[in-house]
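Only one chain is given next, in structure tokens, and it is the form predicted on its own.
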Amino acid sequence: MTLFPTDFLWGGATAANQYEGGALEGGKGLSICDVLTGGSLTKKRKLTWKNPQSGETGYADLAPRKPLVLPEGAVPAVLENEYYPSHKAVDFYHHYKEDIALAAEMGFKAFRMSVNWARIFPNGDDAMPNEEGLQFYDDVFDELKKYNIEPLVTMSHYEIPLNLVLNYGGWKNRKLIDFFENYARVLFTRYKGKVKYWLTFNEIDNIKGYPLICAGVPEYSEQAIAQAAHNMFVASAKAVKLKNEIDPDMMVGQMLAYMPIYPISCNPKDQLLVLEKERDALFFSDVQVGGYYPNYKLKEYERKGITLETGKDDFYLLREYPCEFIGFSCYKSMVVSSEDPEKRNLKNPYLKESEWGWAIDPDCLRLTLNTLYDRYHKPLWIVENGLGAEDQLVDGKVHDSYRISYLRDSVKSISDAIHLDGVEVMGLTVWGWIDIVSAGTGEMKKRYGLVYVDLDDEGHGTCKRYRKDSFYWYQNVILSNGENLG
């Protein structure tokens, strides 16, 4: 049995750095993702750099939980004759009307996207916003309104202006709080009446492994990451406060990367490790939604000698202006063992895996929804969920029964959380509803979309859009409000 609220917001999700393109058009500045090369599972993404004085150029590794290492005098930069996936992506910048029409044909009620911060403030610290950038998003929101589709807009989705990295060190610098507050004021004022739902920072908990991409922090140190996270928390609270002043009908949510974690055995040490690993993510919602620093994190900071630079109103703001709903991504579950606590991708013998080695867990959404709802009692929105696969386009068609099977299980899992557990779920926006560049590997080959885009890993192709079998399946799901799962 499926049971969804009549106002359930079915839709799809994207991110500007993976989808929008037009990176060097319309007065946009460079973001951190604009200096990242393409890649794959075997060829890792790199950051390109240049020494302005010597003219020397090169590539730096982007390893998780490792510092960014550049030669002395070198800075991240765009190089000639190098392919950067974000510069073109799949060219929503020039195809937005066509894409929104496809979303409307599927029956979308919601369209998750991000505003590229560097399109509005090219350097992040500019005195005035870029009008051409503002107008582009006006046009997008007007097009969505034509089809009665609600935008769900992420304000910062791995798109921090490069200048804020080079000259401020990213979010470890408290000056970014003021820059973000100014950015939020411009967005809320300009798009009042056009955008109701906002998310502050995409997958904010991923700052632990990827501080450069998530927060513009080049070094990998627990002190810098803790300070950057704190500054982002304060900026988020200030955004909620601003929203209340400009348009109380808006809702500002947080965005978390979350997945259920299972112990490899019933050894109590394994279960304690699960507790610790889950807190790695839940700490961020404890602060952004709960409004306080939990004792377990304060004790950890005390043990590690981490001290935060804070303002006199910081904790008041966190307490008084928490986020109003929780958006989260959930694609899989993980297995951990106390015998190898740093390894998080142990195989689960009860589950199949995707081509990229991700566990396909039909119950992960119900588990996640219950975990978050029991903890915070706030509305939840699954803003990312989907299956990456190497699709084959044959005679203009893609038969992706594997994706339909995955999404069918996801919808059932959400239905169970609503119908059996009473969880308050606002909507589902399927990740990469149209093929986009993979954030993790920088390739097109790993496709999530219900719509196929004719582009390869080097950006070659026609950009033509093709409806996959999953397009029609999701269309029927939305039309039946989750009753017809095929």
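Predicted model only: the values in this text are computed from it and were never measured. Residue indices: 1-based, along the sequence shown.
Beyond the structure shown, there is the form predicted together with 6-O-phosphono-beta-D-glucopyranose (BG6), which is absent from this document and is the topic of what follows.
- Between 6-O-phosphono-beta-D-glucopyranose (BG6) and the residues F233, F111, Y158, W171, the one pair within 4.5 Å by heavy atoms in the model of the complex involves Y158.
- For the options Y406, Y331, Y197, Y96, the residue carrying a heavy atom within 4.5 angstroms of 6-O-phosphono-beta-D-glucopyranose (BG6) in the model of the complex is Y331.
- With the partner left out here, 6-O-phosphono-beta-D-glucopyranose (BG6) still marks one of 431 to 439, 454 to 462, 30 to 38, 50 to 58 in the model of the complex; by a 4.5 Å heavy atom cut-off that stretch is 431 to 439.
- Annotation: in the model of the complex, residues E203, W358 and Y448 each come within 4.5 Å of 6-O-phosphono-beta-D-glucopyranose (BG6) through at least one heavy atom.
- The shortest heavy atom separation between D391 and 6-O-phosphono-beta-D-glucopyranose (BG6) in the model of the complex exceeds 4.5 Å.
- Using a 4.5 Å cutoff between non-hydrogen atoms, D400 does not count as a contact of 6-O-phosphono-beta-D-glucopyranose (BG6) in the model of the complex.
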